[in-house]
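Only one chain is shown below, in structure tokens, and it's the form predicted alone.
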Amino acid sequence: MSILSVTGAEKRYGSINALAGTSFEVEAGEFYCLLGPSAAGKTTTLRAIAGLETLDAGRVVFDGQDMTGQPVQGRDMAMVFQTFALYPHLTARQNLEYPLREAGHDAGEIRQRVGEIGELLRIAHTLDRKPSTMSGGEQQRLAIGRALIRRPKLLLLDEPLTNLDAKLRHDTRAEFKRLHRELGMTIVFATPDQLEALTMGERIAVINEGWIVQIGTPRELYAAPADRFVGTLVGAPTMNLLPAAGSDGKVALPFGEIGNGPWSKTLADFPAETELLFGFRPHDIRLAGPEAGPALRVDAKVHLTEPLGDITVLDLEAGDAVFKMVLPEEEAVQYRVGDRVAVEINPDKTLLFARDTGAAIR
């Protein structure tokens, strides 16, 4: 059952259309991600849910009540901002106490809740320090604690990991999953980072230019993107996309022809020489075996190598095309720039998009 429903949300700032009919639903207890590039509408969506922005059109329904146009107070939700928004002149303890004092809680309950939050977020040792003396990770956990201490039904997180270094981002992703598991709270997490969305979100709404482009599980977005935008946004290294032309259910590429893909039956109904984009993941290419099979064999040249520890990304040239391939380091170590390599592309693992609209061809 959904606890949050956003329907037809529209918001304009002068000539800028920040939200253009955004709609989605979040289930109670779900970790839900909004994924999109900068200026896609993520922050505006969260601020509208929280009541910090007034929509030009559309509705926000939370916990069975229409919150559209209602004041911030009484929404039983909390928001953590990208900048943390801590009070610099107050200690960590006083930052945590502030929302409870404003709500009129007695001193005993305030003391108990501050202690619980300090232990839960592992910042009990910092409670008597001011934010300026705390590390970035401690400040981030303090900002979360100030939101959680009110025990809201919904937690809104607006790119909270952006200002942290790589190790802290990794550690904090795990912390968010732990908190979600232990508290059972509904969380809406906005991020431009596909890795954050894929590792934390139970479902992900991809947003672009104020529109929800696709909603699905991490696996659904990776394996069956609705269009080229989603296909290139989700997955790392990014999907290979090559210009192609379709005829009779087959696709002509710069280095050969491929058929028998999941798109072949639909493509057979398209006009001859339809302009397409052919997509395949770097992880789905393999070194060619001695026996011929249904896969497309490509003779390529190593253009660039990118060692990443346990794996290496090879940039390969074939015909007029350049595409990426991922290999385990123990296999990639034998290749140098300029070497020839034979690889295979499995048609079952390929994707096809209309070149003009970017829509996926199923």
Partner chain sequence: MAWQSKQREIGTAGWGWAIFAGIIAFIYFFPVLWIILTAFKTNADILAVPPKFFFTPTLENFVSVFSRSYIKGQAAVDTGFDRFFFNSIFIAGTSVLLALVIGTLAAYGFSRYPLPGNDTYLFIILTTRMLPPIIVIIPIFIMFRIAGLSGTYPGIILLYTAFNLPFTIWMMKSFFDELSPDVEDAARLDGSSEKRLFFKVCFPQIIAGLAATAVFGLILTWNEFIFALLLTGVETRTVPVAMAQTIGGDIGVRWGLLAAIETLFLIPVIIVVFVLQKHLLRGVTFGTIKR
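Bear in mind that the values here come from a model prediction, so they are computed numbers and not experimental data. Numbering follows the first chain given and starts at 1.
If you look for the form predicted together with the partner chain, you will not find it shown, but the lines that follow are about it.
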Can you say which of 266-274, 146-154, 174-182, 283-291 gets within 4.5 Å of the partner chain in the model of the complex, counting heavy atoms only? 146-154
Heavy atom within 4.5 Å of the partner chain in the model of the complex - the one residue of Leu86, Leu168, Ala124, Ala226 that qualifies: Leu86
The partner chain isn't shown here, but in the model of the complex which of Ala318, Val302, Ala50, Val313 has a heavy atom within 4.5 Å of it? Ala50
Quick check on Met79: any heavy atom within 4.5 Å of the partner chain in the model of the complex? yes
Under a 4.5 Å heavy atom criterion, is Glu102 part of the interface with the partner chain in the model of the complex? yes
Classify Trp211 as contacting or not contacting the partner chain in the model of the complex by the rule of any non-hydrogen atom within 4.5 angstroms, answering yes or no. no
Touches the partner chain in the model of the complex: Ser135 (any heavy atom, 4.5 Å): no
